[in-house]
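Quick heads-up: it's one chain on its own, the form predicted alone, in structure tokens.
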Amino acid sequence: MDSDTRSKIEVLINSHPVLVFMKGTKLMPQCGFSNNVVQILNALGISFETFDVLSDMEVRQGIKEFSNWPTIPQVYVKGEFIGGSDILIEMYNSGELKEKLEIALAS
């Protein structure tokens, strides 16, 4: 990944307490996995921003390298990579996600 793409990703991640790199937007998810993440965050009442990777192919590929995670969506909380759809579902079901978000967003 080139330095401009890395810089753009870092600025995006650091500009939002909760950011989801996804296909589509939170109002119009373009895949089921992205929709799962949106629904979970909405159910928790979490304010979050999204970045549509379909709008920028360099970020779409770059974020996979940046996080060393091969799939989209990807969720970042306070700059920390949390995971994708399956991990968020597991964390949501166990209660761990709500706790992690409350702690991270309170600080």
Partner chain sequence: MAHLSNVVASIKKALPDAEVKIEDLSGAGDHLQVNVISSSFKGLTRIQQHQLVYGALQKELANEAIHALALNTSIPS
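Residue numbers count along the first chain shown, from 1. What you are looking at is a predicted structure, and each value in this text was computed from that prediction instead of being measured.
There is another form of this protein, the form predicted in complex with the partner chain, and it is not shown here; the text below is about that form.
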Q) Hey, in the model of the complex, does Pro70 get a heavy atom within 4.5 angstroms of the partner chain? A) yes
Q) Hey, in the model of the complex, is Phe48 touching the partner chain, heavy atoms inside 4.5 Å? A) no
Q. Counting only non-hydrogen atoms and a 4.5 angstroms cut-off, does Gly24 reach the partner chain in the model of the complex?
A. no
Q. With a 4.5 Å heavy atom cut-off, would you call Glu99 a contact of the partner chain in the model of the complex?
A. no
Q: Check each residue of 79-93 against the partner chain in the model of the complex and list those with a heavy atom within 4.5 Å, in sequence order.
A: Phe81, Ile82, Gly83, Asp86, Ile87, Glu90, Met91
